[in-house]
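One chain is shown next in structure tokens, namely the form predicted on its own.
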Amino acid sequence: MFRNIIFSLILISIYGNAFSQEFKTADLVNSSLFPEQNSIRNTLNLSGIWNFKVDSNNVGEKEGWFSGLENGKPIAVPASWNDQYDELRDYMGIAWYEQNTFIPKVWKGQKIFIRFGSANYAAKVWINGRVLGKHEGGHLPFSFDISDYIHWDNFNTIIVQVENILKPERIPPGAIISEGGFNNYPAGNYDFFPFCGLQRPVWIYSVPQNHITDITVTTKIQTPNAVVEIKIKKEGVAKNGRLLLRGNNHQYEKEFSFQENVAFITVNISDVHLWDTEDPYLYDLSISLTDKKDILDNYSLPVGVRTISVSNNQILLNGKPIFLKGFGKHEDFPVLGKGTSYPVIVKDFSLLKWVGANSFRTSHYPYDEEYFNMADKLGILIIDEIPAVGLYFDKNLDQVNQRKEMCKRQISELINRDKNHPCVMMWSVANEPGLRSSYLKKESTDSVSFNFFKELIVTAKNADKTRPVTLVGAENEPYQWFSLADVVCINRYFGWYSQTGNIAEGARLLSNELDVLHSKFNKPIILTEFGADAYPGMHAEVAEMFTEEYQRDFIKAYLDVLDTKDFVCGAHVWAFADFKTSQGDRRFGGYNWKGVFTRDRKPKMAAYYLKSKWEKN
């Protein structure tokens, strides 16, 4: 009896602790730098087969699943859960993940973190039955300090609750019933499948007590030289540091000191080797914290020296005009869903190079960090976008404000993660944000939506003053929003969703509207989406909708128009590859077929046309 009482008290203590202890929100402090293995830091990748259990009745916390999952099933991480089991395809509720991992005692004395590349949409995390915290918003990393929770030289149980219920107040929103809205299942207010789960790698890593927490690199060109400005933040009592920048047969060393845990260093580079799309040269930067002659911590990263600026008609890379050739695309592949796959990433970049592209947009959410590493190495420019697609403006101002605050937070998290990549040329704060807001019209003025985007763009500019900021507008959305953007970005489908089947009329309307937009705003314009569905292998002697011929001719007609406009500085075809969508009456088979490559990356006729055109330019 006494033993039963003690056991009951233990259970009450465990359960009570879970419900009484606050789930602190993951912060940005230790999430910006990707885990790095070197002589001081350690990393452990938890990718593999995890234990998994669905919690459709939301009983897991009450029943103490955070202490261990019974009767679970195996599931791969990273990957979406939807394509791994038939019964999970359309499941958008709560599910739990479990992994047991050994943490060696030789790491003891350092600070130990767990880092999630993303958890879509909201996550709560426990280790060894104890609460770590929570994070909301898929597609961006978050970390927790687990130093005081570890069972050393033993296995540790990591439990993650992931919840992806589609809600109107979320980013991107779901379950919105509106005039002209999506009639789809699952009910996202956007045109891609709402994949769920731990879709990027999970890491455990260690850093010393005195460690670097953040690095911000900006570059300025003073031909033939350049200036690299570096801001370093640290934690701990270390006062001094050493910097080494190497490249182009030069080496630059500097010692520096911290003031209130922050140091600013300027390096003047002579005979600079610039980063650009034709020659993506990278310098090697190494930063150390020092105590006399001892190195307390070290972190390294590549640096591309380049500038991005905007004129009335052009985007300038290193002061020279550049025309963006590329795509909107998705993280999407059979079985994986949105899960990170390094072979798919490599294949996508090889196809971008094959077709002659020099850029893409991360439509419509931040991609895995390896996309940016590859783009840095291969010279592909990226418009980096938060998941603010399918936003909706109506009379429910509470929901509008909730979405706004989430957008601002995700802008901060995005820039915190991607600011040091030379490939990132522009931040995008929204895609087609009012498409289904029935009262918004092209010529309307609306203070709610205008102030919404003004706050988002100010948030981005305050976080990064070195890159332009934009938002991407659809047909019939208010022109007034473009006054806030540095570059006008539009998606247009004349000849597909309107003027159906009439490519010539669609091209004429596009030409007229481009002239109106430039006359009104005197800013460079990027056509960030245009295209037509083509079912793979479907052909016709005379091009008609859904054939590969119609897709090719549609894209050619639009590009011919753009060739006549010197103020158009980019063309991103929609889309790079076919991708999964929710089921709907406009999406045959639950797919968007606008890819110039199939979902498994086979070229359609349009891909061969683009290759022939872009390789000449």
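Model, not experiment: these values are computed from the prediction. One-based numbering along the sequence shown.
A second form of this protein, the form predicted together with a small molecule, is not displayed here; the remarks below concern that form.
Undergrad: Is Phe256 close to the small molecule in the predicted bound form, meaning a heavy atom pair under 4.5 Å apart or at it?
TA: Heavy-atom contact with the small molecule at 4.5 Å: absent for Phe256.
Undergrad: Indicate whether Glu529 is a 4.5 Å heavy atom neighbour of the small molecule in the predicted bound form.
TA: Glu529: yes, in contact with the small molecule in the predicted bound form.
Undergrad: May I ask you to state whether Arg587 is within 4.5 Å of the small molecule in the predicted bound form, using heavy atom distances?
TA: Yes, Arg587 sits close enough to the small molecule in the predicted bound form that at least one of its heavy atoms falls within 4.5 Å.
Undergrad: Classify Lys124 as contacting or not contacting the small molecule in the predicted bound form by the rule of any non-hydrogen atom within 4.5 angstroms, answering yes or no.
TA: Judged by the heavy-atom cut-off of 4.5 Å, Lys124 is well away from the small molecule in the predicted bound form.
Undergrad: Where does the small molecule sit in the predicted bound form: which of 52-60, 65-73, 573-581, 558-566, heavy atoms within 4.5 Å?
TA: Only one stretch passes the 4.5 Å heavy-atom test: 573-581.
Undergrad: Within 4.5 Å, heavy atoms only, which of His139, His364, Arg467, Arg170 is in contact with the small molecule in the predicted bound form?
TA: Checking each option against the small molecule in the predicted bound form, the one that comes within 4.5 Å is His364.
Undergrad: Among Glu477, Asp384, Glu413, Asp191, which has any heavy atom within 4.5 Å of the small molecule in the predicted bound form?
TA: Going through each option in turn, the one that passes is Asp191.
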